[in-house]
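Presented below, as structure tokens, is a lone chain in the form predicted on its own.
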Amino acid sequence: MIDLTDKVFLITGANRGIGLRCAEALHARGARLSLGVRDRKSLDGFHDRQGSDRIHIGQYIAEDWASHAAWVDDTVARFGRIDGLINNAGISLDVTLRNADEASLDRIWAVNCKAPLNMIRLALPHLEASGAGRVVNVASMSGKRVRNDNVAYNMSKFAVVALSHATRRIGWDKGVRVTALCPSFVRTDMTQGATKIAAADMTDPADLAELVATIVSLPNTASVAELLVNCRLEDMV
């Protein structure tokens, strides 16, 4: 296993849900964190609780590529390196084949697909320089099968899985390892309105964070390409 002490991780959407739990898990293992959020003040409490000089908070606006570049540059200026990227930020909009509008399609594509691609593009030289760079793209079981009418969300998560495999191929020879994390229902703000499953039966984001911490600690010879995480029986696995 790789010692994460002083390794530097970027995490998008780090102020709540899966992103926040990943920040907590990695910080507990000694990593240095650069946390990307739309509103920096939303992470004041986390910074205060951790009381650590191993935390940098940057502005990450998924639709604004200039904010991505500034955040990456600030991270390198602060810590001198980047060893890992967790693309966690994402949205779900109600878009079906019979009820689709271009603005919603453009937004979900910008946040769920284009932004992770750009973050990888910007971080890749630093990840390659690390020799053991790690990328975790939070996709979804909706990127592996289709069980509802939300076509835009399904399409975007299938694309994230494809992006993950493309990045694995490109970065492999320089030690970059990439995982598409594909959970089913997770107990977060996004699933508050879900009616198919009770909140108590959903995956706890803290458990996903433990899986992420394990994945990024694995050596280059034990790469996990996809990790499917179920809270209920799935016919396709």
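So that there is no doubt, residue numbering starts at 1 and follows the sequence shown. As the structure is a computational prediction, the values presented were derived from the model and not from experiment.
The following text describes the form predicted together with a small molecule, which does not appear among the structures shown.
Stretch from 94-102, 124-132, 139-147, 72-80 whose residues place a heavy atom within 4.5 Å of the small molecule in the model of the complex
This holds for exactly one stretch, 139-147.
Which residue among R168, H56, R38, K174 has a heavy atom within 4.5 angstroms of the small molecule in the model of the complex?
Exactly one residue meets the criterion: R38.
Contact residue in the model of the complex, from L163, I120, A89, A152 (heavy atom within 4.5 Å of the small molecule)
Checked against the cut-off, the match is A89.
Can L211 be called a contact residue for the small molecule in the model of the complex at 4.5 Å between heavy atoms?
No, L211 is distant from the partner.
Just to confirm, A31 within 4.5 Å of the small molecule in the model of the complex by heavy atoms?
Residue-level check for A31: no, no contact with the small molecule.
Is the gap between W65 and the small molecule in the model of the complex 4.5 Å or less for some heavy atom pair?
No - in the model of the complex, heavy atoms of W65 and the small molecule never come within 4.5 Å of each other.
How about C22: is it within 4.5 Å of the small molecule in the model of the complex, going by heavy atoms?
No, C22 stays farther than 4.5 Å from the small molecule in the model of the complex.
Is the small molecule in the model of the complex close enough to K7, L85 and V224 that every residue in that trio has a heavy atom within 4.5 angstroms of it?
Verified in the model of the complex; spot residues all out of contact, no.
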